Structure formats: C-alpha cells, structure tokens
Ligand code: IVH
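Given next, in structure tokens, is a single chain: the form predicted alone.
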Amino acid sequence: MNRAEAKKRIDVLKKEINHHRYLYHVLDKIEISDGAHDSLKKELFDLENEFSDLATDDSPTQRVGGEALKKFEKVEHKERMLSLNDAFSDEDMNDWVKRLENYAKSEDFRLPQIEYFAEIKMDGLAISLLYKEGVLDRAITRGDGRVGEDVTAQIKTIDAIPLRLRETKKVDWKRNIEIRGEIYMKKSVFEKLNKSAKKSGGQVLSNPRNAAAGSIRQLDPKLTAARKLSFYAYDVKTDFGQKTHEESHEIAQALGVPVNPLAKRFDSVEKVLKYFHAFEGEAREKLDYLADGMVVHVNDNVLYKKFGSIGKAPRASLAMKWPAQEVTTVVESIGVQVGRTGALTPVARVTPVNVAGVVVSNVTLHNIDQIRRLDVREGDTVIVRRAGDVIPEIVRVLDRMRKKGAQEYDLPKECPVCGEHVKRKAAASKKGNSVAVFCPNKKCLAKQSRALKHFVSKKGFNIDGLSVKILDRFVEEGFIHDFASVFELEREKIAPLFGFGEISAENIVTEANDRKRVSLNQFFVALGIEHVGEETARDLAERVATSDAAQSHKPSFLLKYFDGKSEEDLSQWRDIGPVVAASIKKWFDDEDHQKLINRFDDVGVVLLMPDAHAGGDRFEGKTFVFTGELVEMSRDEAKKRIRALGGKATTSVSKKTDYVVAGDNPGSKFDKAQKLGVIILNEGEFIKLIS
C-alpha cells in the first residue's frame, strides 16, 4: 500500500471507529462486537505506525500517549464555572420559585410561565472541554471556578469524549466551542477495578467519586486510561443561538458528545418535584453512577440571563439534594482524636456499615456538647448518614434499644497521646457557645507532625508508606503516641478506616516491620537531635561503633554509653564542637528520651554498626563539597564513595575544605571555592581521583 492509499484507508477507518464510538456513548447502541471494533483500531494503529506522518492528534489511536507530566498548568476560565445553591425539600424548591418571581418584580420585567429543565446531579468531577476547528484542544478542571488545571492528556484517554467533534449541519461544528460536563466512574467499573485490585494486591479505591477525581489528577495519562472513566456533557457555553438549556443538550449530542438521557424538560414545579422524588430510594440505587440530587434550570436562556447571579451562584439554577441515605449501626466504642492544634475530638467507632457506597467505621461526634445533645453511649444502636453524601454523621440514637447500664461518656482528663492533663475553655461557633478540650503540651506528638515525618523519612527509618497525612491520621486515631509506636501499628485497626482497607493496612504494617533494622547513623538522624545532621550522625556512629558497648545491637546500649560521657568528652571528637556536644548530652539526659530509647528495645529495633572503611583510609581527614549536577553518578553515590575511602562530604565551603567537585551548572559554592583557593575538580577528575 502506497502513501496515498494509506491516507484514504486511514480516513475511512477513523470515520468508522468514530461512528461506533458515537453509537455506543451517545446513542447507547451497538452495531458491531468489541472484537470487530478492536480489529478496526488495530488496523488503524498499524497503518499510522507505518506512515507516521499521517497520524493526527484527533485519531482514535492517540487516546493514550506521550510522557507523564511533571505538573499541571494553571489555566483561567474564559467564563467562570459557577457553583449552585442547594435545596433539601419541596418547600426549598417552592421558595426558590418565589424568589425568582420577586426578583422579576423588583427588576420590572414580565415573567412568563416558567419552563424548567432538570438533570441528574452526578457525583464526579466538573470539566471544561475546548475545541478548535472541531478538534479537542484543551480540557480544564473547575478549580476554584476562575482558575483550573490543564488535564488535556488525561481527558484524551476517556473514550466517551470525542477527540474530534462529529460533523453536523445543526451548528458550525468547526467554531471554537466550549462544552462543560462531568467526569465520572461507573459503579460497575469501580467494582471490577476493586475486585481485580484485591486479587493482585493492588490499590483498592475508596469510592467512585474519589476514584474519578484521583484518576484525572494522575500525572501519567496511562494511569488515567486504566481507570475506564465516563463522561456526560451538561452545557454548551458557545452561543449558537440556542434559546433553551435543552437545546444545548441537543447540540452537544449532535456534535457527538454524550448527554445524560434522564435529563428532561417540565412545564411546572410540581412535575419537577414528582420526577425528583421518583429517584429516591431504589431507583437511585439502580443508577450506574453516584448521584446526590438533580440540577434544575430555568430552561429559557434569555430569561436565565436576566436573572443573573448572586455571589458564586446563578439565580436561575438550583441543586435539589435527595435526603442523605441513612442506615443503622452499633457504637462499639467512643474514643478521641488529637488534632495538630491539640484539640480533642470525640469519635464513635461503629460496626462497619455501607452508607451510600462507602463503608463507614468511624463517625466524628465533633465535641462533648454534640455527645450530650445526641446522648450517644457505647453499645447504642444509632442512625448514621453521610451529610451531603460526604461526611458520616450520627443522626439519632435509638434509645429504646439501649442496653441496661450504658454509661454517659465524658472526655478523658488526660491526653491519650502524651498523657498531659487536658484543659477546657469556652469556644464560640455558628451553633452557639461550646466547650473545647485541648492538650496544652507543646511536645505532644500530635502537634509534632514534622518531627514524626522526619523520623520515618528516607534519611531516618525510610518508611515510605507513612506520609504526613497518614501519620497525622494515625496520631489522631491514637495509634501512634511516640516514635516507637510506628512499629506497633496493627492491621486490624487500620483496615476499617475510611480510605484504607486490608491491602493498604497490610502494606503499611509490613513495611514498618521491615524497617526495624536500621544503621546506627540513620538512627541518630531519625531521633532529630538538634544540630545533628547526616555528617555528624556518621561521625557519631563511627565513634560509638568502636566502643565495647557497641557489641549490643539494642538501642538501650546508647544510654549507658552517653551517660559516661561529659560535654567536654564529646566536644573533643572530630567536628563536634561545644554547641553540638551540649545538644547531644541534653538529648540523652532527658528522661522522656531515655524512656523512648528503651521503648525501641521493646518493639524490636536493631541497630546496625557501620562497616570499617571498605576502601581504606586514603581520604582520612579530607573534606569534599559537591556543587552542580553530576552525570556519571548521583550526588548521594559520590558521597558514599568518599566516605568508604575515609573522607567526609559536607554541604558548605570553607578554608578547611580540601576539594570542591563541580558538576554541570555549579552554584555559589563554586565561586566561593575560587575565592578561597580551594582545589576544584570536574566530574572526570573526581572519578579518576577515587578510582
């Protein structure tokens, strides 16, 4: 096949594949089997591979491709993506209509019989699609309504979104066109992905809404593609002279963009409400996507514009919310979480229960006033709902089912994290005055998020699975109350938490246990002793490792070792002056720190002594500083080579520096070395020196 023939065949294949995409995603029809459809795409792929110059951005083969992004670009919307006011009852809906009527009177324009357009309010991620000359040019998230993020590469992986608009006589499809809609994950897809993940030991997704949003936030489009997302358009912002919101849906569909088939036009509020209530309960559950209500618009576009907006919301649209789904469960226990400010928040641990597609095992009780108002006690049967389909809350206690002897709950008198006596003070809130209970201890681990993160960081115990967010959560839950608690985490307690699960709990606990064996220098770094960085920690480790006490690999040997050393003794060591010596001595003399070291013994931490210099002492007493980018090896690798030969790698240049190794694009250290007359080596000279 020559190039001209290939071009004709490619054009035919693209049209045919796009035709079947339109049938499936827009009209919900199937004319050919999946196998036949895949065969067409395979032929197109092979031809474009052979004639690469004929591959275009709007080709069906280009849905997944390109390198992963380093970050998302911020983009300002041409027209703000507004949020909507909520309504929770028929009365709210009728009040909205009255407000429209009153506004029309105040602005002195005639209000005809209002026609409404209602569509399912899907729980997904709002997106703006920008097409130029019929081809998808940009996809931007809602963001704060004014500025979103460019996620074009990720959106291109969604088969429901056309890369090229369908040719139609209804409108000028080659204009610059903006279409807005909702990215979502089908419940059926969500279940299949989780079933597969559990079998393979992969990541289990929390719920379809978070899964959809998280998928779009993947910098690598290939990861987004694996999530099999879907899309429905809900508006065409480009002015084609459409007179109603309903026409915008018709235009989107004509352009080959899917719209929700359940969207309908109504000539009265009563009919809207009847349709709205028809989806409560079982009908809502049968939908293959999460939804929390309906969006109702004034259908007439001229009238819609007249109503304008107030604040961030248009007057002529309203989000009608279905009642939060409610289920019963049992309060197994009541505990407290300690936040980073030290505030104690009571939390009910309930028998795990599925609420609107999410398994809930913990429910916040906010404060002691909330507990008193609801009269929640351990063992109570309670009604739980997800407020706005997001935050789990206890609605009421079924007190007739209460066990005899159930005691009222009161907050503890001591902080569950550090044991400090808590304090109480009056606090104002939107609901009136209440009592806030907090831990006043500045050293409380719940307040020391950075210290805990440093402890598990790569330079310390290197427990990669414990992010700041996870550490904070575990502290609040009472799972971690000191550094040693990291090695006492239990799968059974982590798995029921929202956002976790059996697999993630297993991975966290396993990794923590695997990291109990740590080099002595990393242990010193992890402790966070003031003025003790990586190099000082190495010096300490080498000095301590040569002592008789180092025959034990239990951390507690350090207590005996440093108890026999004075500040003066320590300050005599190489590169440890009076300030560092005082800091080390103060740390090991602290009673709380001594208890912590003994706790490390209890949880099974093992200290690995540093090896003698494998390459000899060729650079004993020599100091190196690195600046710029190395090509042949990483900077960390270069430092290890220096240390293995008895030398030292520091971060700042001084008269005592022996060598500065300058890679590509060296910084100010290079200039300072020149001024001080320090020997400067390029990377090649450095490699020759250490060989």
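All residue numbers are counted from 1 along the displayed sequence. For clarity, every value in this text was computed on a predicted model and none was experimentally measured.
Below, we refer to the form predicted in complex with the ligand, which is not included among the displayed structures.
Chemist: If contact means any heavy atom within 4.5 Å, which of 223-231, 496-504, 116-124, 395-403 contacts the ligand in the predicted complex?
Modeler: It is 116-124 that comes within 4.5 Å of the partner.
Chemist: Taking heavy atoms only, is H297 within 4.5 angstroms of the ligand in the predicted complex?
Modeler: H297: yes, in contact with the ligand in the predicted complex.
Chemist: Taking the shortest heavy atom distance, is S552 within 4.5 Å of the ligand in the predicted complex?
Modeler: No, no contact at 4.5 Å.
Chemist: With the cut-off set at 4.5 Å between non-hydrogen atoms, does E182 touch the ligand in the predicted complex?
Modeler: Yes.
Chemist: Residue-level question: is V468 within 4.5 Å of the ligand in the predicted complex, judged on heavy atoms?
Modeler: Result no; V468 lies far from the ligand in the predicted complex.
Chemist: Among the candidate residues R284, K565, R142, R175, which is the single one with a non-hydrogen atom no more than 4.5 Å from the ligand in the predicted complex?
Modeler: It is R142 that has a heavy atom within 4.5 Å of the partner.
Chemist: If you check L82, V302, A278, I310 against the ligand in the predicted complex, which one has a heavy atom within 4.5 Å?
Modeler: None of the others qualify; the residue that does is L82.
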